[in-house]
Ligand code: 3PG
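In structure tokens, the next block holds one chain alone, the form predicted alone.
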Amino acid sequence: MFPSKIIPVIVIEEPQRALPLGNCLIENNLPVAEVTLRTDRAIESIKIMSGIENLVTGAGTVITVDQAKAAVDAGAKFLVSPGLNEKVVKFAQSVNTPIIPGVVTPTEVEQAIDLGLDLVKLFPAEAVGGANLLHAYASVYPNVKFMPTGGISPHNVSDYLALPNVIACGGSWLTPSHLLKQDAFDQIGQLIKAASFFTPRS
């Protein structure tokens, strides 16, 4: 599903930065972006980045059906939610858009399975047990894959990616807000390039 094992989790305040940021991701071999719906103009940014050739753009922090619809209409190729909202999941399924809802407990994992999902997001990963929790889930839910997000950094990402049930990790360290506000795309590119060594998925 993803072209990389690292998924940049991005907060964009100004849509004019979406195009250079998307190009920066492409140029540094990390052609995927999860644009979070945490700003008033995030949908505009998704629309811009969805128009960049070979960039897989999705929407994050999708909490309501209205947000999900707006993101899909803007061109989002996947949706990511902090929690497990059945209405949002069913909407995404109705428009054939992959959705990765957040879970923590075994009950939530099993609710996701009941909804026909086999890929979920552990969030906030580090705060709820991190790699140790995912290791415990591996034998209990062998058919479920995880995309942990929350507290992932260059210092611990390898611990997660070593697990057989982790398909990718979401990381906000790749596109820091303060560097975006400064249009410091050279520095952002260095951070992206450092993460792009993880083997792309076919």
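Start at 1 and count along the sequence shown; that's the residue number. Every value quoted in this text rests on a predicted model; they were computed, and no experiment measured them.
Although not depicted, the form predicted in complex with 3-phosphoglyceric acid (3PG) is the subject of the following passage.
Chemist: Within 4.5 Å, heavy atoms only, one stretch in 134 to 142, 171 to 179, 22 to 30, 65 to 73 touches 3-phosphoglyceric acid (3PG) in the predicted complex. Which?
Modeler: Going through the listed ranges, the match is 171 to 179.
Chemist: Is there any non-hydrogen atom of residue 57 lying within 4.5 Å of 3-phosphoglyceric acid (3PG) in the predicted complex?
Modeler: No, residue 57 is distant from the partner.
Chemist: Evaluate residue 188 for contact with 3-phosphoglyceric acid (3PG) in the predicted complex, applying a 4.5 angstroms cut-off between non-hydrogen atoms, and reply yes or no.
Modeler: No, residue 188 stays farther than 4.5 Å from 3-phosphoglyceric acid (3PG) in the predicted complex.
Chemist: How about residue 42: is it within 4.5 Å of 3-phosphoglyceric acid (3PG) in the predicted complex, going by heavy atoms?
Modeler: Flag for residue 42 set to no.
Chemist: Given that the partner is absent here, does residue 192 sit within 4.5 Å of 3-phosphoglyceric acid (3PG) in the predicted complex, heavy atoms only?
Modeler: Output for residue 192 is no: heavy atoms all beyond 4.5 Å of 3-phosphoglyceric acid (3PG).
Chemist: What residues in 131 to 162 sit within 4.5 Å of 3-phosphoglyceric acid (3PG) in the predicted complex, counting heavy atoms only?
Modeler: Those in contact are 149, 150, 151, 152.
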